[in-house]
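One chain comes next, on its own, written as structure tokens: the form predicted on its own.
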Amino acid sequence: MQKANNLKEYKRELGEALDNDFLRKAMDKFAVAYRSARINAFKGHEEEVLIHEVVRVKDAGIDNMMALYEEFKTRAQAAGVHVHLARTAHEANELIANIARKNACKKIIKSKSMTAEETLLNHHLEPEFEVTETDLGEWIIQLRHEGPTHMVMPAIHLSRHQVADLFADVTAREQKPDIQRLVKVARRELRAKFTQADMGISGANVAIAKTGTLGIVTNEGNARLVTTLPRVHVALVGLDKLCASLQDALTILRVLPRNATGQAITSYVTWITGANQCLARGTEKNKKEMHIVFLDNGRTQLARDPLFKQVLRCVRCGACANVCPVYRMVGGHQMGHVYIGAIGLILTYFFHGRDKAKNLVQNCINCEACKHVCAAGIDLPRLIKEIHTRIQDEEGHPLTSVLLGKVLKNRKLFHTLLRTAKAAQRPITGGTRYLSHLPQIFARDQDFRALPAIAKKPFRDMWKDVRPPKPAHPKFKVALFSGCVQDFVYPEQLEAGIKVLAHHGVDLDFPMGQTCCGLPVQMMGEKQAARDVALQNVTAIDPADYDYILTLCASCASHLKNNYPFLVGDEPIVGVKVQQFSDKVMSFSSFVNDILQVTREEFNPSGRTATFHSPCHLCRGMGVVHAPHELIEKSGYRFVRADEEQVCCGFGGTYTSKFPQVSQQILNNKLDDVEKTGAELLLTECPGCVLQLRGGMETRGSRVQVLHIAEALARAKK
């Protein structure tokens, strides 16, 4: 759980997590294994179709939440179940405590339930009742008095040695760190708890309105014992788990285990309709007493929010954590409060408050890996940024982000500052293209990779000299969008791009009114500044004048294409053009490979080996995967694929300056993966990635040369 009072304390906690070698190795091993397991689990299935069906089922449940609740209640009560509706977490906890008191229950066993974690049910019950978690991972963390680090695997952060020591304390016997033996110890200790329990508390993965049925998915079978052995069973269920029919429930269950753990199906799927038979002493007519407590806790209000209602689609698979590069480095205690991973950054704000969410929500690197695997199609990165903005609107915006917003939305001021910085940097470049010793105020903890100097001349000043002649019979009229990094730091990448486009009938233009795409201020939670910048660019580049808006920066491309309609689509005049603008945005490799259809004959093969780092906003933001590979091979390089080609490099725009320790570790993993390929060249398609990767290789003293793919193509072009 999050206890940091401010960002400084939170960063210290992140540093401690990064220093935990076992944690990082465990997370790393799991991330690699999960990726292949998930691919195998979805093999033979159309993943997008399955997810689309989950979205349809969950959206229908959200839109009809209270009608489904009433239908479920009627069916369940007819089957002898007591159904309750708790408005808040405290009300749910007190309802359950009263059920226990009324039935003279002393000993309670629980199966894993994130909803019970959400209400902090154990904290409420433990002073009065003996409560025992029976899921192995949950039992371990209960004994350690800590929260889960993953929604599906709550004790993934612990080694078998730590668990052996813990069990030795519990049993007062020495325990060997052998996993099978430790499982037997847990089974022996818990067996008595099952038989002695008066009450069992479970959650549910689905609640079927048509039959009043609960569906519970587990791998250990403990939930069956929890729901059958004790004389009283209470299920705590979020209203968001309601669905109309068994068919709807099965639609969810087809995706849940595949996305959670890479399993086609879990070991146990339990269906409960009505109070079942129970032979425990004290039961009437051999029937157990069964209660279902539905939890609102803000869900009905969320269901009415046009943007945030989608968070209620979450099926609690935990996949957003499994693929998160930050979670992989620091684990769940630093990437959530109760709910973990990307969805946790959002739900923490709604269920546990702004104070718990304010630091967490800044720790998103915006790689979009979570969105890419979400079983319910939730636009997690967008919602995280919206929460960040809301918190800053409620608490006040930090001075640094306010200043950045004011500078970026004033193009002339921004460019003047960059030109001034170019002159001021001379004493600290040492005659190289890197800044050798920036003052700490500008580069605190940034020395893990060499930072580039600002170019001698920005691209916009070079344009009149490098602009290609207008073709006699143009095939395409194209607006070049540079982004601020290529304009002022890497203009040579744009020059290389112009060389590649030559002789293909491209009438290229560089509208001078363009400015930064605005992604950095959006990442800082300055939504109004991001809107202002977007308006400037849509005004500067009239989409009606061009066939394509081409950019060599994947982050710019994804932001222009995917975020601009959300940012300024509602503007009364410019808004009309925004969708036209976004529709015409195209990445460099897509344009060169798919539209211009360059051929092998245009290049001199060098035979050098090259690997590719796929920028997050290229492969996931723009959906471009194959075009760069094909271009590398067409241009005569020998392509070798890195195992983690699509894993983030750790840059994330402003993320790297805010969380340099995490950024550094992600970068180290990336560079290790690249060097493992034996490639001479590392190519990519985003100037931010070039900055991070090239600076890292430079600091490492590696022989691998980092280039923008446009530079590699230009060098090979005849």
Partner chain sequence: MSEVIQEFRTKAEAVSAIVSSVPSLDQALAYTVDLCARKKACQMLVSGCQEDLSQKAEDLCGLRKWGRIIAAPGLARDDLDRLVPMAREQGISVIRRDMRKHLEGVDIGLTICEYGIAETGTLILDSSSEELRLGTMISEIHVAVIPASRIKGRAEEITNDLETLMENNPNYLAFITGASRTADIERVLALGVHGPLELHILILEDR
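Here the structure is a predicted model, which is why all the values come from computation and not from measurement. Numbering follows the first chain given and starts at 1.
Just so it is clear, the following notes concern the form predicted together with the partner chain, a form of the same protein that is not shown.
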Legend entry - 416, 461 and 473 each touching the partner chain in the predicted complex (heavy atom, 4.5 Å): no
Inset, instruction - Please name which of the stretches 586 to 594, 297 to 305, 153 to 161, 602 to 610 has residues with heavy atoms lying within 4.5 Å of the partner chain in the predicted complex. - result: 153 to 161
Legend entry - Answer option from 389, 213, 582, 205, heavy atom within 4.5 Å of the partner chain in the predicted complex: 213
Inset, instruction - Find the only residue in 98, 88, 171, 400 having a heavy atom within 4.5 Å of the partner chain in the predicted complex. - result: 171
Legend entry - Close approach of residue 633 to the partner chain in the predicted complex, 4.5 Å, heavy atom: no
Legend entry - residue 219: touches the partner chain in the predicted complex, heavy atom cutoff 4.5 angstroms: yes
Inset, instruction - Decide whether residue 452 counts as a contact residue for the partner chain in the predicted complex under a heavy atom distance cut-off of 4.5 Å. - result: no
Inset, instruction - Tell me, yes or no, whether residue 354 is in contact with the partner chain in the predicted complex, where a contact means a heavy atom of each within 4.5 Å. - result: no
Legend entry - Contact set, 167 to 190 vs the partner chain in the predicted complex - heavy atom within 4.5 angstroms: 170, 171, 173, 174, 175, 179, 180, 181, 182, 183, 184, 185, 187, 188, 189, 190
